[in-house]
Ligand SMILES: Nc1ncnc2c1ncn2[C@@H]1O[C@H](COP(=O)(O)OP(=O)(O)O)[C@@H](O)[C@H]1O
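Quick setup: one chain, the form predicted on its own, written in C-alpha cells, and binding and motion questions come after.
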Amino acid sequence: MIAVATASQKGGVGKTTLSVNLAYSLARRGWRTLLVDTDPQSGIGLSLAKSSRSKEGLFDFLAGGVPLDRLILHSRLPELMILPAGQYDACARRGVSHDDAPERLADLLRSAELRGADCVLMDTAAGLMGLTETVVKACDYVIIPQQAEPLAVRSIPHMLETLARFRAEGAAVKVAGILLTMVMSDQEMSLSVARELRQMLPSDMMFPQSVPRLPSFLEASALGVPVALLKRNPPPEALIFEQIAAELEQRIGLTRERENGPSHASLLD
C-alpha cells in the first residue's frame, strides 16, 4: 500500500478538487483507494456530500476509541472509500494531543492496508505545519498542486526546502511531483508562470499534465460529484485526471504484483 498526501503552502490552489477527482480516477483504474479528509474545514465533505460534515471521521479516529471500519464511507464505486474529517471541534474539546497524532496516523495506515487498500490519498489543510506536517511526514509521497500565478515562482522553492527538512528529520516522504492547477489558457500571465516554472524546475519534478480553470470543476463540486460524473457522458476535461492518475502510478510505483511462479503452464512437472 502507498500513502500519498496532497499539500500546498496556500489555500485555494485546487487541492481538494485534485484529491477528489484523482481518487475517483485511481479507483476507476482498479485501485482500492481510501480518500482521507485531514482538513478541519472538511473540504472533501463539502465537495462530495454536505451531510458528511455531521459524521464521525478522521479526527474521531485520532481521538481514539472508534475503529476505522465504523468511520469509512463506501461510495457507489466499490474501489473508492472515503474517510471524512469528522468532528474536529468535539475532538479538540476532548483534549486530543498532537503528540499522539503520528502514532494514530500510523495505526490508520496499517488498518487501511489490512482492509486491502492499495492507495491512501490524504487531502490536507493549507500550510506545512501542525497536523498537515504530521500527515505529510506519515506518507510515502506528496503531490504539490501549484496555482499558475506569480507567487508560485517564489513559494515552490520554500515548499521544497520544507520537505527537505522533513526528510532530514527522518521522514521518508518523497515528492511525487508538482502539478500546475487553475491554468487559464486565455491569460498570458498564467501561461507565463506555467512556462517559467517548467523552465526553472527539473522536468521530472513536474507533472506533464496541468489542470485548467474551468466552470465544470466548480459545477461538479457544487453537485458533490467528481467531474467525470457531472454528465451521463463524461466531459473531455475528466480525461485530465485519468492522465494524472496514470502518471502518478508510474511515479510512485503503484503496480500490480506479479503472481508467484511462471505465468504459463509447464509442459512437464
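When you see a residue number, it is the position in the sequence shown, counting from 1. Note that this is a predicted model, so its numbers are computed, not measured.
Beyond what is shown, the protein has a form predicted in complex with the named molecule; the following relates to that form.
Heavy atoms within 4.5 Å of the named molecule in the predicted complex are found in exactly one of 30 to 38, 227 to 235, 66 to 74, 204 to 212, that being 204 to 212. Among heavy atoms of M182, some come within 4.5 Å of the named molecule in the predicted complex. In the predicted complex, the named molecule sits within 4.5 Å of a heavy atom belonging to L218.
Taking the partner from elsewhere, T17 is found to have a heavy atom lying within 4.5 Å of the named molecule in the predicted complex. Although the partner is absent here, V13 sits close enough that one of its heavy atoms falls within 4.5 Å of the named molecule in the predicted complex.
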